[in-house]
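What follows are C-alpha coordinates for two forms of the same protein chain, given separately as structure 1 and structure 2.
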Structure 1
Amino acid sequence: MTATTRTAPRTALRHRLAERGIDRQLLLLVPALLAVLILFIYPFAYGMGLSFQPAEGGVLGAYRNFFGDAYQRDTIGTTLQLALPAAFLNVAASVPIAYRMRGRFRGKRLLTTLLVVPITLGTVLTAEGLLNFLGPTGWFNRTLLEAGLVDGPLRLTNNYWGVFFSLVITGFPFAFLLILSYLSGIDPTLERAAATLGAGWWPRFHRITLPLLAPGLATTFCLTFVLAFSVFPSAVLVGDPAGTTRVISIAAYHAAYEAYDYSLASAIAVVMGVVELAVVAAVLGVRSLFYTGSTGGKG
(Lines of atoms letter the chains of each structure in order from A and count residues from 1; the text may use other names and numbers.)
(Lines give C-alpha, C1' and ligand atoms only; values in the text may rest on other atoms or scores of the structure.)
Protein backbone atom coordinates (compact mmCIF):
# COMPACT_ATOMS: atom_id res chain seq x y z
CA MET A 1 0.00 0.00 0.00
CA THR A 2 1.37 3.39 -0.95
CA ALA A 3 1.22 5.99 1.82
CA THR A 4 -0.13 9.32 0.74
CA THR A 5 2.09 12.17 1.87
CA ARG A 6 0.23 15.28 2.85
CA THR A 7 1.73 18.66 3.65
CA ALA A 8 0.76 19.84 7.14
CA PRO A 9 -1.12 23.13 7.07
CA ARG A 10 0.98 26.16 8.07
CA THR A 11 0.15 27.44 11.52
CA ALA A 12 -1.29 30.94 11.58
CA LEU A 13 0.96 33.75 12.79
CA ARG A 14 -1.23 34.57 15.76
CA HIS A 15 -1.08 30.94 16.92
CA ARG A 16 2.70 30.80 16.59
CA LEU A 17 3.02 34.04 18.57
CA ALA A 18 0.52 32.79 21.16
CA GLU A 19 2.59 29.65 21.65
CA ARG A 20 5.50 31.91 22.59
CA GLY A 21 3.35 34.01 24.91
CA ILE A 22 3.24 37.00 22.56
CA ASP A 23 0.03 38.86 21.84
CA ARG A 24 -0.18 39.79 18.16
CA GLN A 25 -1.74 43.13 19.06
CA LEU A 26 1.56 44.12 20.66
CA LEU A 27 2.92 44.50 17.12
CA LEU A 28 0.77 47.62 16.85
CA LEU A 29 3.16 49.24 19.32
CA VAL A 30 6.06 49.02 16.86
CA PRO A 31 5.29 52.30 14.98
CA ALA A 32 4.85 54.16 18.27
CA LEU A 33 8.05 52.70 19.67
CA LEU A 34 9.94 53.73 16.54
CA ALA A 35 8.57 57.28 16.82
CA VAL A 36 9.60 57.47 20.49
CA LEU A 37 13.04 56.10 19.64
CA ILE A 38 13.64 58.54 16.79
CA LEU A 39 12.04 61.66 18.25
CA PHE A 40 12.86 61.28 21.96
CA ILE A 41 15.32 58.55 22.90
CA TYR A 42 17.92 59.31 20.23
CA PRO A 43 17.90 63.13 20.75
CA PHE A 44 18.12 62.59 24.52
CA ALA A 45 21.07 60.19 24.18
CA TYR A 46 22.76 62.50 21.67
CA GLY A 47 22.33 65.53 23.93
CA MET A 48 23.51 63.59 26.95
CA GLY A 49 26.65 62.51 25.12
CA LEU A 50 27.24 66.03 23.83
CA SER A 51 27.11 67.44 27.37
CA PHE A 52 30.17 65.34 28.24
CA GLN A 53 32.19 66.63 25.28
CA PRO A 54 33.10 70.25 26.08
CA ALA A 55 35.86 72.01 24.22
CA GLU A 56 37.86 72.28 27.43
CA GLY A 57 37.59 71.31 31.08
CA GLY A 58 37.35 67.56 30.77
CA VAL A 59 34.29 65.33 30.71
CA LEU A 60 32.38 67.33 33.34
CA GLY A 61 33.65 70.71 32.17
CA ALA A 62 30.26 71.93 30.92
CA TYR A 63 28.58 71.03 34.20
CA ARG A 64 31.35 72.75 36.19
CA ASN A 65 30.93 75.87 34.07
CA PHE A 66 27.21 75.93 34.75
CA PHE A 67 27.27 75.30 38.50
CA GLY A 68 30.40 77.41 38.98
CA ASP A 69 28.76 80.51 37.51
CA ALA A 70 26.22 82.04 39.90
CA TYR A 71 24.51 83.88 37.02
CA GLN A 72 23.85 80.53 35.34
CA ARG A 73 23.23 78.50 38.50
CA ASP A 74 20.62 80.91 39.87
CA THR A 75 18.39 80.24 36.88
CA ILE A 76 17.32 76.98 38.57
CA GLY A 77 15.92 78.83 41.57
CA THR A 78 14.33 81.49 39.37
CA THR A 79 12.54 78.87 37.30
CA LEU A 80 11.33 76.99 40.37
CA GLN A 81 10.06 80.23 41.92
CA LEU A 82 7.88 80.68 38.85
CA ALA A 83 6.85 77.10 38.06
CA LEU A 84 6.00 75.79 41.53
CA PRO A 85 3.64 78.61 42.65
CA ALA A 86 1.99 78.75 39.21
CA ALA A 87 1.39 74.98 39.16
CA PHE A 88 0.11 74.99 42.74
CA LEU A 89 -2.25 77.90 42.10
CA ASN A 90 -3.61 76.34 38.91
CA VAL A 91 -4.34 73.03 40.63
CA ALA A 92 -5.75 74.64 43.78
CA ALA A 93 -8.05 76.92 41.77
CA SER A 94 -9.19 74.08 39.53
CA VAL A 95 -10.39 71.79 42.34
CA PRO A 96 -13.32 73.86 43.72
CA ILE A 97 -14.44 74.96 40.26
CA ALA A 98 -14.32 71.43 38.85
CA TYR A 99 -15.97 70.08 42.00
CA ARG A 100 -18.96 72.36 41.46
CA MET A 101 -19.12 71.69 37.72
CA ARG A 102 -18.94 67.88 37.75
CA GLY A 103 -22.73 67.53 37.83
CA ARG A 104 -25.25 68.47 35.18
CA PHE A 105 -26.64 71.98 35.14
CA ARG A 106 -27.84 74.50 32.62
CA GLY A 107 -25.09 76.38 30.84
CA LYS A 108 -22.33 73.92 31.79
CA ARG A 109 -21.00 73.62 28.24
CA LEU A 110 -20.84 77.37 27.80
CA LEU A 111 -19.07 77.88 31.13
CA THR A 112 -16.61 75.08 30.40
CA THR A 113 -15.86 76.60 27.00
CA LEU A 114 -15.19 80.01 28.54
CA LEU A 115 -12.82 78.47 31.09
CA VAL A 116 -10.76 76.60 28.50
CA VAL A 117 -10.61 79.36 25.86
CA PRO A 118 -7.20 80.66 27.11
CA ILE A 119 -5.58 77.33 26.16
CA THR A 120 -6.37 78.08 22.51
CA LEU A 121 -4.76 81.53 22.51
CA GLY A 122 -1.15 80.46 22.73
CA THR A 123 1.67 81.88 24.80
CA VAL A 124 2.58 84.72 22.43
CA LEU A 125 -0.98 86.03 22.07
CA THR A 126 -1.48 85.78 25.85
CA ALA A 127 1.70 87.76 26.45
CA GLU A 128 0.60 90.42 23.97
CA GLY A 129 -2.76 90.68 25.73
CA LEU A 130 -1.08 91.05 29.11
CA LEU A 131 1.10 93.87 27.80
CA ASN A 132 -1.98 95.71 26.53
CA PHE A 133 -4.04 95.06 29.66
CA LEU A 134 -1.55 95.17 32.54
CA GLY A 135 1.10 97.42 31.00
CA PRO A 136 1.83 100.94 32.29
CA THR A 137 -0.65 102.40 29.78
CA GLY A 138 -3.00 99.42 29.78
CA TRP A 139 -6.67 99.32 30.78
CA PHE A 140 -6.00 98.06 34.28
CA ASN A 141 -3.59 100.83 35.25
CA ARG A 142 -5.65 103.53 33.53
CA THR A 143 -8.72 102.41 35.48
CA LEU A 144 -6.82 102.57 38.76
CA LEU A 145 -5.38 106.00 37.94
CA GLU A 146 -8.72 107.46 36.89
CA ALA A 147 -10.35 106.08 40.04
CA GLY A 148 -7.62 107.68 42.16
CA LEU A 149 -6.63 104.38 43.75
CA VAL A 150 -2.93 104.72 42.85
CA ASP A 151 -0.60 107.64 42.23
CA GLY A 152 1.32 105.92 39.46
CA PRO A 153 0.95 102.88 37.22
CA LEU A 154 1.66 99.53 38.83
CA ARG A 155 4.46 97.56 37.25
CA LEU A 156 2.83 94.23 36.41
CA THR A 157 4.71 93.37 33.22
CA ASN A 158 8.34 92.93 32.24
CA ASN A 159 9.00 91.41 35.65
CA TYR A 160 8.18 88.35 37.74
CA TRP A 161 4.44 89.07 37.88
CA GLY A 162 4.03 89.32 34.14
CA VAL A 163 5.47 85.83 33.64
CA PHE A 164 3.51 84.44 36.60
CA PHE A 165 0.19 85.76 35.24
CA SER A 166 0.99 84.32 31.83
CA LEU A 167 1.71 80.88 33.32
CA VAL A 168 -1.52 80.96 35.31
CA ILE A 169 -3.64 82.00 32.32
CA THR A 170 -2.18 79.37 29.98
CA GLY A 171 -1.89 76.61 32.58
CA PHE A 172 -5.25 76.87 34.33
CA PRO A 173 -7.39 75.42 31.49
CA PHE A 174 -5.05 72.44 31.24
CA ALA A 175 -5.25 71.75 34.99
CA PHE A 176 -9.00 72.38 35.06
CA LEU A 177 -9.77 69.87 32.31
CA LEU A 178 -7.66 67.18 33.98
CA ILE A 179 -9.21 67.73 37.42
CA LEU A 180 -12.70 67.77 35.93
CA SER A 181 -12.08 64.46 34.18
CA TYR A 182 -10.76 62.87 37.38
CA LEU A 183 -13.72 64.14 39.42
CA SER A 184 -16.17 62.95 36.78
CA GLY A 185 -14.77 59.44 37.20
CA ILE A 186 -15.56 59.31 40.93
CA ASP A 187 -18.85 57.57 41.68
CA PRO A 188 -21.23 60.24 43.06
CA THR A 189 -23.23 57.61 44.96
CA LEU A 190 -20.41 57.44 47.50
CA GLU A 191 -21.04 61.00 48.60
CA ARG A 192 -24.79 60.50 48.47
CA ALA A 193 -24.49 57.55 50.81
CA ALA A 194 -22.42 59.64 53.22
CA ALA A 195 -24.96 62.45 52.99
CA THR A 196 -27.75 60.09 54.02
CA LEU A 197 -25.72 59.35 57.14
CA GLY A 198 -25.61 63.04 58.02
CA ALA A 199 -22.14 63.97 56.71
CA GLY A 200 -21.76 67.57 55.58
CA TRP A 201 -20.06 68.68 52.38
CA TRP A 202 -16.65 69.15 53.98
CA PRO A 203 -16.46 65.67 55.62
CA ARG A 204 -17.70 64.16 52.36
CA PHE A 205 -15.06 65.99 50.36
CA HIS A 206 -12.26 65.49 52.88
CA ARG A 207 -12.83 61.81 53.64
CA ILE A 208 -14.27 60.49 50.38
CA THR A 209 -13.58 62.68 47.36
CA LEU A 210 -10.13 64.00 48.24
CA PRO A 211 -8.49 60.58 48.89
CA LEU A 212 -9.91 59.29 45.60
CA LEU A 213 -8.79 62.45 43.84
CA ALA A 214 -5.26 62.45 45.32
CA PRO A 215 -3.62 60.43 42.49
CA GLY A 216 -5.22 62.73 39.93
CA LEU A 217 -4.11 65.83 41.83
CA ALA A 218 -0.52 64.60 41.91
CA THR A 219 -0.53 63.76 38.21
CA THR A 220 -2.10 67.10 37.30
CA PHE A 221 0.41 69.01 39.42
CA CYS A 222 3.33 67.16 37.82
CA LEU A 223 2.11 67.83 34.28
CA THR A 224 1.29 71.46 35.06
CA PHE A 225 4.68 71.94 36.71
CA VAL A 226 6.57 70.49 33.75
CA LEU A 227 4.56 72.76 31.44
CA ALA A 228 5.42 75.81 33.54
CA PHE A 229 9.06 74.82 34.13
CA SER A 230 9.79 74.94 30.40
CA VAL A 231 8.64 78.57 30.19
CA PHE A 232 10.49 80.54 27.52
CA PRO A 233 8.31 82.90 25.43
CA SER A 234 6.56 84.39 28.48
CA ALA A 235 9.87 85.02 30.24
CA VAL A 236 11.07 86.95 27.20
CA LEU A 237 7.90 88.80 26.19
CA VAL A 238 6.40 89.82 29.53
CA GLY A 239 9.37 89.22 31.80
CA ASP A 240 12.88 90.46 32.40
CA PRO A 241 14.98 87.90 30.51
CA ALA A 242 18.29 89.43 31.58
CA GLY A 243 17.39 89.75 35.25
CA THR A 244 14.54 88.62 37.49
CA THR A 245 13.00 86.18 35.00
CA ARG A 246 16.13 84.72 33.45
CA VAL A 247 14.91 81.13 33.57
CA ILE A 248 16.99 78.08 32.80
CA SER A 249 15.55 77.68 29.30
CA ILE A 250 16.86 81.15 28.42
CA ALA A 251 20.30 80.14 29.71
CA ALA A 252 20.22 77.06 27.46
CA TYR A 253 19.16 79.17 24.47
CA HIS A 254 21.92 81.72 25.03
CA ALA A 255 24.53 78.98 25.38
CA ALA A 256 23.45 77.30 22.16
CA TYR A 257 22.62 80.20 19.82
CA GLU A 258 24.62 83.13 21.18
CA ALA A 259 27.75 81.52 22.64
CA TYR A 260 27.54 78.53 20.27
CA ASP A 261 28.58 76.28 23.15
CA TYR A 262 26.43 73.26 22.38
CA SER A 263 28.04 71.18 25.08
CA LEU A 264 27.05 73.71 27.75
CA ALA A 265 23.56 74.02 26.27
CA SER A 266 23.15 70.24 26.39
CA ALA A 267 24.40 70.18 29.98
CA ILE A 268 21.83 72.84 30.94
CA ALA A 269 19.10 70.81 29.25
CA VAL A 270 20.16 67.73 31.22
CA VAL A 271 20.06 69.76 34.44
CA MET A 272 16.55 70.88 33.53
CA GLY A 273 15.46 67.28 33.14
CA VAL A 274 17.05 66.23 36.42
CA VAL A 275 15.37 69.06 38.34
CA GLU A 276 12.00 68.22 36.80
CA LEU A 277 12.38 64.54 37.63
CA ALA A 278 13.35 65.41 41.22
CA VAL A 279 10.21 67.51 41.72
CA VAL A 280 8.00 64.89 40.05
CA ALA A 281 9.51 62.13 42.20
CA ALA A 282 8.95 64.21 45.35
CA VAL A 283 5.30 64.86 44.45
CA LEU A 284 4.65 61.21 43.64
CA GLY A 285 6.33 60.22 46.92
CA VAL A 286 4.07 62.57 48.87
CA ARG A 287 1.09 61.17 47.00
CA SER A 288 2.05 57.65 48.01
CA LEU A 289 2.32 58.69 51.67
CA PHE A 290 -1.01 60.50 51.49
CA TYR A 291 -2.74 57.57 49.82
CA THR A 292 -1.27 55.08 52.29
CA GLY A 293 -2.30 57.24 55.23
CA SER A 294 -5.81 57.70 53.90
CA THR A 295 -6.27 53.94 53.53
CA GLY A 296 -4.89 53.14 56.96
CA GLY A 297 -1.72 51.56 55.57
CA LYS A 298 -3.61 48.79 53.76
CA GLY A 299 -2.77 47.87 50.20
Structure 2
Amino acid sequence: MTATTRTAPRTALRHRLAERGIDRQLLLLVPALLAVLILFIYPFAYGMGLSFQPAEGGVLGAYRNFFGDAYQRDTIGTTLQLALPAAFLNVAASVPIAYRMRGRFRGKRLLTTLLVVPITLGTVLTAEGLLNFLGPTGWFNRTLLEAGLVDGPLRLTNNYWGVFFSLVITGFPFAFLLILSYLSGIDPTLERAAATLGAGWWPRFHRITLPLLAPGLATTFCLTFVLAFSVFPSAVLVGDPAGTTRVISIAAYHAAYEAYDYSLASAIAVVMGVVELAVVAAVLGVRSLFYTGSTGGKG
Protein backbone atom coordinates (compact mmCIF):
# COMPACT_ATOMS: atom_id res chain seq x y z
CA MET A 1 0.00 0.00 0.00
CA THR A 2 1.67 3.18 -1.09
CA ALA A 3 1.10 6.43 0.71
CA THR A 4 -0.35 8.21 -2.29
CA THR A 5 -3.20 5.77 -2.64
CA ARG A 6 -4.19 6.11 0.99
CA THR A 7 -4.32 9.89 1.10
CA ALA A 8 -7.23 10.25 -1.29
CA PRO A 9 -10.21 8.61 0.33
CA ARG A 10 -12.39 11.67 -0.26
CA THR A 11 -15.34 11.30 -2.51
CA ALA A 12 -14.60 12.74 -5.92
CA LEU A 13 -16.46 15.90 -6.93
CA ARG A 14 -17.66 13.96 -9.92
CA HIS A 15 -19.58 11.59 -7.66
CA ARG A 16 -21.02 14.38 -5.58
CA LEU A 17 -22.37 16.11 -8.68
CA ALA A 18 -23.59 12.91 -10.27
CA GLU A 19 -25.41 12.20 -7.04
CA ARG A 20 -27.56 15.25 -7.74
CA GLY A 21 -28.06 14.29 -11.37
CA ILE A 22 -25.53 16.73 -12.75
CA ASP A 23 -23.02 15.42 -15.24
CA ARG A 24 -21.78 16.09 -18.73
CA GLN A 25 -24.86 14.57 -20.32
CA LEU A 26 -26.78 17.67 -19.32
CA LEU A 27 -24.86 19.44 -22.11
CA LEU A 28 -27.17 17.65 -24.53
CA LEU A 29 -29.93 19.94 -23.29
CA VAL A 30 -28.05 23.08 -24.21
CA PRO A 31 -29.01 23.43 -27.91
CA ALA A 32 -32.71 22.98 -27.22
CA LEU A 33 -32.57 25.28 -24.25
CA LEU A 34 -30.73 27.95 -26.24
CA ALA A 35 -33.25 27.68 -29.07
CA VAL A 36 -36.18 28.19 -26.73
CA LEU A 37 -34.44 31.00 -24.87
CA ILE A 38 -33.34 32.87 -27.98
CA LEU A 39 -36.36 32.28 -30.18
CA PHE A 40 -39.12 32.26 -27.61
CA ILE A 41 -38.22 33.77 -24.26
CA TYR A 42 -36.04 36.60 -25.57
CA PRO A 43 -38.53 37.82 -28.21
CA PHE A 44 -41.30 37.52 -25.70
CA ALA A 45 -39.39 39.59 -23.18
CA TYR A 46 -38.40 42.00 -25.94
CA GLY A 47 -42.03 42.33 -26.97
CA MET A 48 -43.04 42.88 -23.39
CA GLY A 49 -40.41 45.59 -23.14
CA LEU A 50 -41.71 47.20 -26.34
CA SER A 51 -45.23 47.17 -24.97
CA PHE A 52 -44.06 49.39 -22.11
CA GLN A 53 -42.33 51.88 -24.45
CA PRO A 54 -45.07 53.39 -26.61
CA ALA A 55 -44.35 56.47 -28.71
CA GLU A 56 -46.58 58.45 -26.42
CA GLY A 57 -48.62 57.98 -23.25
CA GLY A 58 -46.02 56.85 -20.76
CA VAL A 59 -45.15 53.34 -19.64
CA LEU A 60 -48.67 51.98 -19.73
CA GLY A 61 -49.70 54.04 -22.73
CA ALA A 62 -50.10 51.09 -25.08
CA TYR A 63 -52.20 49.18 -22.59
CA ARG A 64 -54.27 52.29 -21.90
CA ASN A 65 -54.81 52.66 -25.63
CA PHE A 66 -55.96 49.09 -25.91
CA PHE A 67 -58.27 49.03 -22.91
CA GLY A 68 -59.49 52.59 -23.45
CA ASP A 69 -60.71 51.92 -26.97
CA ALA A 70 -63.90 49.84 -26.98
CA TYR A 71 -63.20 48.72 -30.56
CA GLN A 72 -59.91 47.18 -29.36
CA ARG A 73 -61.00 46.06 -25.89
CA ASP A 74 -64.04 44.18 -27.19
CA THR A 75 -61.81 41.87 -29.22
CA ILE A 76 -61.13 39.95 -26.00
CA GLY A 77 -64.82 39.26 -25.53
CA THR A 78 -65.29 38.46 -29.20
CA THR A 79 -62.46 35.95 -29.11
CA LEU A 80 -63.67 34.29 -25.93
CA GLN A 81 -67.24 34.15 -27.27
CA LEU A 82 -65.95 32.20 -30.23
CA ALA A 83 -63.29 30.08 -28.60
CA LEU A 84 -65.00 28.97 -25.39
CA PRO A 85 -68.25 27.66 -26.94
CA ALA A 86 -66.36 26.07 -29.82
CA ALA A 87 -63.93 24.30 -27.48
CA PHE A 88 -66.78 23.29 -25.20
CA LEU A 89 -68.89 21.90 -28.04
CA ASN A 90 -65.93 20.00 -29.49
CA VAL A 91 -65.18 18.33 -26.16
CA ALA A 92 -68.79 17.75 -25.15
CA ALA A 93 -69.68 16.17 -28.50
CA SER A 94 -66.54 14.03 -28.48
CA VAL A 95 -67.21 12.33 -25.14
CA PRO A 96 -70.35 10.30 -26.01
CA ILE A 97 -69.04 9.55 -29.48
CA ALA A 98 -65.66 8.39 -28.23
CA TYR A 99 -67.31 6.46 -25.39
CA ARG A 100 -69.43 4.55 -27.88
CA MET A 101 -66.42 3.86 -30.10
CA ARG A 102 -63.91 2.90 -27.44
CA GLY A 103 -64.30 -0.82 -28.08
CA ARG A 104 -63.23 -2.61 -31.21
CA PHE A 105 -65.44 -2.64 -34.24
CA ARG A 106 -65.04 -3.03 -37.94
CA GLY A 107 -64.04 0.17 -39.67
CA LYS A 108 -62.70 1.91 -36.57
CA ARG A 109 -59.36 2.52 -38.21
CA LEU A 110 -61.10 3.93 -41.29
CA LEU A 111 -63.27 6.20 -39.18
CA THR A 112 -60.39 7.60 -37.17
CA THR A 113 -58.43 8.09 -40.40
CA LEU A 114 -61.32 10.00 -41.93
CA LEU A 115 -61.41 12.18 -38.85
CA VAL A 116 -57.81 13.15 -39.43
CA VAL A 117 -58.65 14.49 -42.91
CA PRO A 118 -59.80 17.91 -41.64
CA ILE A 119 -56.30 18.48 -40.25
CA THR A 120 -55.01 18.40 -43.82
CA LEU A 121 -57.58 20.84 -45.14
CA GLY A 122 -55.87 23.95 -43.98
CA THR A 123 -57.67 27.15 -43.25
CA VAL A 124 -58.05 28.28 -46.82
CA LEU A 125 -59.78 25.22 -48.17
CA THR A 126 -62.03 25.14 -45.12
CA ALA A 127 -62.87 28.77 -45.66
CA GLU A 128 -63.51 28.35 -49.37
CA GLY A 129 -65.56 25.26 -48.72
CA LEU A 130 -67.68 26.91 -46.06
CA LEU A 131 -68.28 29.93 -48.31
CA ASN A 132 -69.32 27.64 -51.15
CA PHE A 133 -71.27 25.09 -49.16
CA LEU A 134 -73.03 27.24 -46.58
CA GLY A 135 -73.27 30.36 -48.76
CA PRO A 136 -76.63 31.77 -49.92
CA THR A 137 -76.57 29.70 -53.12
CA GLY A 138 -74.65 26.76 -51.69
CA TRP A 139 -75.81 23.18 -51.44
CA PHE A 140 -76.89 23.52 -47.84
CA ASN A 141 -79.29 26.43 -48.31
CA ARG A 142 -80.45 24.96 -51.61
CA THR A 143 -81.43 21.74 -49.82
CA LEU A 144 -83.26 23.61 -47.09
CA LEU A 145 -85.15 25.72 -49.66
CA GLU A 146 -86.09 22.73 -51.80
CA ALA A 147 -87.33 20.90 -48.72
CA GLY A 148 -89.38 23.95 -47.79
CA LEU A 149 -87.83 24.26 -44.35
CA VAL A 150 -86.91 27.92 -44.76
CA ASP A 151 -88.30 30.77 -46.81
CA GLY A 152 -85.05 32.51 -47.67
CA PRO A 153 -81.43 31.36 -47.50
CA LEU A 154 -79.90 31.27 -44.02
CA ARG A 155 -76.95 33.56 -43.54
CA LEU A 156 -74.20 31.27 -42.27
CA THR A 157 -71.03 32.79 -43.68
CA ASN A 158 -69.17 36.06 -43.28
CA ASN A 159 -70.38 36.21 -39.71
CA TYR A 160 -69.99 34.53 -36.32
CA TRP A 161 -71.37 31.18 -37.54
CA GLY A 162 -68.94 30.86 -40.40
CA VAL A 163 -65.99 31.15 -38.02
CA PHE A 164 -67.69 28.89 -35.50
CA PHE A 165 -68.19 26.16 -38.10
CA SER A 166 -64.59 26.39 -39.22
CA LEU A 167 -63.49 26.01 -35.59
CA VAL A 168 -65.68 22.91 -35.25
CA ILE A 169 -64.36 21.37 -38.46
CA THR A 170 -60.73 21.75 -37.40
CA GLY A 171 -61.23 21.34 -33.66
CA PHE A 172 -63.64 18.44 -33.37
CA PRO A 173 -61.41 15.72 -34.89
CA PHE A 174 -58.59 16.93 -32.70
CA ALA A 175 -60.69 16.73 -29.53
CA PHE A 176 -62.22 13.42 -30.55
CA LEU A 177 -58.94 11.65 -31.24
CA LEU A 178 -57.42 12.90 -27.99
CA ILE A 179 -60.40 11.81 -25.92
CA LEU A 180 -60.50 8.46 -27.68
CA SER A 181 -56.88 7.87 -26.73
CA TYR A 182 -57.56 8.87 -23.12
CA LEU A 183 -60.56 6.54 -23.03
CA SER A 184 -58.63 3.59 -24.38
CA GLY A 185 -56.08 4.25 -21.63
CA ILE A 186 -58.68 3.39 -19.01
CA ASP A 187 -58.59 -0.25 -18.02
CA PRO A 188 -61.81 -1.80 -19.40
CA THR A 189 -61.90 -4.32 -16.56
CA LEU A 190 -62.80 -1.48 -14.21
CA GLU A 191 -66.14 -1.09 -15.94
CA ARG A 192 -66.65 -4.84 -16.07
CA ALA A 193 -65.97 -4.97 -12.35
CA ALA A 194 -68.56 -2.25 -11.81
CA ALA A 195 -71.02 -4.25 -13.91
CA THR A 196 -70.54 -7.35 -11.77
CA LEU A 197 -71.33 -5.16 -8.78
CA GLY A 198 -74.68 -4.35 -10.33
CA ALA A 199 -74.00 -0.97 -11.94
CA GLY A 200 -75.97 -0.20 -15.07
CA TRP A 201 -74.41 1.68 -18.00
CA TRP A 202 -75.13 5.16 -16.65
CA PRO A 203 -73.68 4.59 -13.15
CA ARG A 204 -70.75 2.84 -14.81
CA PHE A 205 -70.16 5.84 -17.01
CA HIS A 206 -70.57 8.63 -14.54
CA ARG A 207 -69.21 6.92 -11.41
CA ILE A 208 -66.26 5.08 -12.95
CA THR A 209 -65.31 6.22 -16.44
CA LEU A 210 -66.09 9.92 -16.26
CA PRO A 211 -64.06 10.62 -13.08
CA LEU A 212 -61.11 8.76 -14.57
CA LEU A 213 -61.53 10.65 -17.83
CA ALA A 214 -61.91 14.07 -16.21
CA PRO A 215 -58.21 15.02 -16.19
CA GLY A 216 -57.97 14.04 -19.86
CA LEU A 217 -61.04 16.12 -20.61
CA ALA A 218 -59.45 19.14 -18.97
CA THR A 219 -56.25 18.71 -21.00
CA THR A 220 -58.24 18.25 -24.20
CA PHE A 221 -60.34 21.30 -23.46
CA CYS A 222 -57.19 23.37 -22.93
CA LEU A 223 -55.57 22.24 -26.16
CA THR A 224 -58.76 22.74 -28.18
CA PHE A 225 -59.22 26.12 -26.59
CA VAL A 226 -55.67 27.18 -27.44
CA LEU A 227 -56.33 26.16 -31.03
CA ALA A 228 -59.58 28.12 -31.17
CA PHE A 229 -58.26 31.12 -29.27
CA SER A 230 -55.54 31.80 -31.81
CA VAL A 231 -58.06 31.79 -34.67
CA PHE A 232 -56.84 34.23 -37.28
CA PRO A 233 -57.09 33.29 -40.95
CA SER A 234 -60.59 31.87 -40.79
CA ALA A 235 -61.83 34.88 -38.86
CA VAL A 236 -60.69 36.99 -41.80
CA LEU A 237 -61.83 34.71 -44.58
CA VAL A 238 -65.21 33.33 -43.47
CA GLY A 239 -65.96 35.81 -40.76
CA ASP A 240 -66.73 39.47 -40.54
CA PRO A 241 -63.23 40.73 -39.70
CA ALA A 242 -64.29 44.33 -39.20
CA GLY A 243 -67.22 43.55 -36.91
CA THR A 244 -68.57 40.47 -35.15
CA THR A 245 -65.48 38.33 -35.64
CA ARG A 246 -62.79 40.90 -35.10
CA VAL A 247 -60.78 38.63 -32.83
CA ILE A 248 -57.80 39.69 -30.79
CA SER A 249 -55.23 38.25 -33.20
CA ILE A 250 -56.64 40.46 -35.96
CA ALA A 251 -56.25 43.45 -33.67
CA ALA A 252 -52.63 42.48 -32.97
CA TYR A 253 -51.91 41.95 -36.65
CA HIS A 254 -53.46 45.28 -37.65
CA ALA A 255 -51.51 47.13 -34.99
CA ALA A 256 -48.23 45.59 -36.15
CA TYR A 257 -48.53 45.49 -39.93
CA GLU A 258 -51.06 48.14 -40.82
CA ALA A 259 -50.64 50.79 -38.14
CA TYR A 260 -46.94 49.91 -37.60
CA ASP A 261 -47.47 50.52 -33.87
CA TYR A 262 -45.22 47.73 -32.56
CA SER A 263 -45.71 48.86 -29.02
CA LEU A 264 -49.47 48.44 -29.23
CA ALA A 265 -49.07 45.16 -31.14
CA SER A 266 -46.80 43.79 -28.42
CA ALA A 267 -49.18 44.97 -25.74
CA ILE A 268 -52.03 43.15 -27.48
CA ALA A 269 -49.90 40.01 -27.79
CA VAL A 270 -49.16 40.17 -24.05
CA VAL A 271 -52.84 40.66 -23.22
CA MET A 272 -53.68 37.75 -25.48
CA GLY A 273 -51.16 35.51 -23.76
CA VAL A 274 -52.36 36.52 -20.30
CA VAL A 275 -56.03 35.91 -21.13
CA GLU A 276 -55.28 32.54 -22.64
CA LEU A 277 -53.07 31.40 -19.79
CA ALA A 278 -55.72 32.55 -17.33
CA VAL A 279 -58.33 30.30 -18.95
CA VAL A 280 -55.87 27.39 -19.14
CA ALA A 281 -54.87 27.89 -15.51
CA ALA A 282 -58.52 27.99 -14.44
CA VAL A 283 -59.28 24.74 -16.24
CA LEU A 284 -56.17 23.01 -14.91
CA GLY A 285 -57.04 24.31 -11.46
CA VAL A 286 -60.41 22.59 -11.68
CA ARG A 287 -58.65 19.53 -13.03
CA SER A 288 -56.42 19.26 -9.99
CA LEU A 289 -59.56 18.59 -7.92
CA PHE A 290 -59.94 15.23 -9.66
CA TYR A 291 -58.10 11.97 -9.30
CA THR A 292 -55.07 12.16 -11.57
CA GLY A 293 -53.24 8.92 -10.91
CA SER A 294 -52.93 5.82 -13.04
CA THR A 295 -55.98 4.76 -14.96
CA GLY A 296 -54.75 1.20 -15.01
CA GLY A 297 -54.66 0.87 -18.78
CA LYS A 298 -51.88 0.74 -21.27
CA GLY A 299 -52.31 4.50 -21.89
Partner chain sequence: MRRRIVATPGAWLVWGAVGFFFVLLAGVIGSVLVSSFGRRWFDTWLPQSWTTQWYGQAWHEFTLLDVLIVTVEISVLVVAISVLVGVPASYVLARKNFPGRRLLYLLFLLPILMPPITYGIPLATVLYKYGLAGHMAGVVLANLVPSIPFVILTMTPFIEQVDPAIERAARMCGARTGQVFARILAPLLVPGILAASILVLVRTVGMFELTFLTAGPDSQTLVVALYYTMSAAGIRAQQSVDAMAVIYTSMMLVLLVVALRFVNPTQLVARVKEDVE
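The term rigid core refers to the most C-alpha atoms you can superpose between the two forms while keeping them within 1.5 Å. Because the structure is a prediction, the values reported are computed rather than measured. Residue numbering: sequential along structure 1, first residue numbered 1.
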{"item": "Pair member which, unlike the other, is the form predicted together with the partner chain", "value": "2"}
{"item": "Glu146 C-alpha relocation of at least 2 Å between structures 1 and 2, rigid core basis", "value": "yes"}
